[in-house]
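A lone chain, given as structure tokens: the form predicted on its own.
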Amino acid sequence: MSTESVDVAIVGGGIIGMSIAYQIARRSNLSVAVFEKGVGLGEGSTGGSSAITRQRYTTIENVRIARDGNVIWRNWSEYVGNDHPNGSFHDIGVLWMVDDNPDVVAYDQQRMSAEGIDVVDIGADDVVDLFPAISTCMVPFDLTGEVEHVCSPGDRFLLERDTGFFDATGALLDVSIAASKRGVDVRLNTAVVDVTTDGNRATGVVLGDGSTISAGLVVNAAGPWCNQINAMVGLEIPWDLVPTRIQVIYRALPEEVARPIPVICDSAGGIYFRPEAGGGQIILGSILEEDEMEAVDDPDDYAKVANRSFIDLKIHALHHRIPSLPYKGIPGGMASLYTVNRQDVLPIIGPTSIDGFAVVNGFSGHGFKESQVVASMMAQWITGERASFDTDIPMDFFSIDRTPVEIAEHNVLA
């Protein structure tokens, strides 16, 4: 069997891997192949993403990455070169109901505004005027029902006015189409079963049918399967990258509930939620670290339906935040995986101690919103060329040999 050859072999065709392929192709003539084990696009973390494009982060580097990514999401048609893309941006804003301390809210507003983000510091009356269905209570809500709850409005809130959410699977399809038009070889239902090496250098990949693809660079963008790929090349890393089961709930949003409803991050209930694209449902998830601890040994074998106990618990927090939401219908839920970096919930990106082998792993629930900017970083490093919509954030901030960043809370909002 003859051996094919490409300049770059990317393992994993989710939003990270496919976007790297597109970013390489839009600025160079390097040959690129993407190998995706699923029979279709979006079967891994991308398909389960809530795809919220918020820009508030603990570190200023992440704020800037989200900001640069938001420019792309807002100009998606131009970015992918498609007048009629499958994915679309939903400009509904993100309301942070996580701390009503005026000094803290003012600080976040000022530091984000300084980065060019359209964010305002608003009071409880403003929230009611803008989003009449939303309660402004900031008293911690006891989900067990054992403690009587008395609502009291919060003082100050942070509202990102220039962001919202995107269609995750639509975005993946769009970058796949854009990459293919530029010559990227996208292979679905194609598992990488080994990485070939010569001494301390990765030289290509072995596919499930026994064929070998030689490559100048192998990129591990395999999401929850990343540890399997790293093991193939014998890479040892100082990071605990843990495939983690994450649950979300879908709940009907009847017409009698007043609109608009933004994306909301709610510390009183320990939840986040947003309306679905059609407006008839709400998608709801947890912001608590304790709900991001269910490690999965085999990413191909885990429960994909949300636990009834999780649904029953979290739905009460949603009703607390939207008091007019009627108690009717049966909410459902699903579970998917993302890879949590247990040390600091930031990804590891770039070259490794194995020559010709790079990693883009451990996004801890931040991968979708950061995908296009991370792809820009990688493509600039690989090709040495710049293109429109590029970021100036250095990739070294996420290097594999960096020191863990000190972050107070290791959860999806970090």
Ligand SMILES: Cc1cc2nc3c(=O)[nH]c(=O)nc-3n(C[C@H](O)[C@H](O)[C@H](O)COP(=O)(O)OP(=O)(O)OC[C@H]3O[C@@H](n4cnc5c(N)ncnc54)[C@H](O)[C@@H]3O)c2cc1C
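Note that the structure is predicted; figures quoted are calculated from it, not measured. Numbering starts at 1 and follows the sequence shown.
Here the subject shifts to the form predicted together with the ligand, a form of this protein not shown in this document.
Engineer: Given a 4.5 Å cut-off on heavy atoms, tell me which of 111-119, 186-194, 310-318, 126-134 is the interface stretch with the ligand in the model of the complex.
Structural biologist: Selected stretch: 186-194.
Engineer: Against the ligand in the model of the complex, would V218 count as a contact residue? Criterion: heavy atoms within 4.5 Å.
Structural biologist: Contact with the ligand, no.
Engineer: I'd like to check something about F35: if you look in the model of the complex, is any of its heavy atoms closer than or equal to 4.5 Å to a heavy atom of the ligand?
Structural biologist: F35 belongs to the contact set for the ligand.
Engineer: Answer with yes or no whether S49 is in contact with the ligand in the model of the complex, where contact means some heavy atom within 4.5 Å.
Structural biologist: Yes, S49 sits close enough to the ligand in the model of the complex that at least one of its heavy atoms falls within 4.5 Å.
Engineer: Decide whether F273 counts as a contact residue for the ligand in the model of the complex under a heavy atom distance cut-off of 4.5 Å.
Structural biologist: Looking in the model of the complex, residue contacts with the ligand do not include F273, since no heavy atom lies within 4.5 Å.
Engineer: Can you work out which of T212, N82, S88, S336 has a heavy atom no more than 4.5 Å from the ligand in the model of the complex?
Structural biologist: None of the others qualify; the residue that does is S336.
Engineer: Should the three residues V8, G204 and I400 be counted as contacting the ligand in the model of the complex, with contact defined as a heavy atom within 4.5 Å for each?
Structural biologist: No.
Engineer: Listed by sequence position, which residues of 346-374 have a non-hydrogen atom within 4.5 angstroms of the ligand in the model of the complex?
Structural biologist: The stretch touches the partner through F363, G365, H366, G367, F368, K369.
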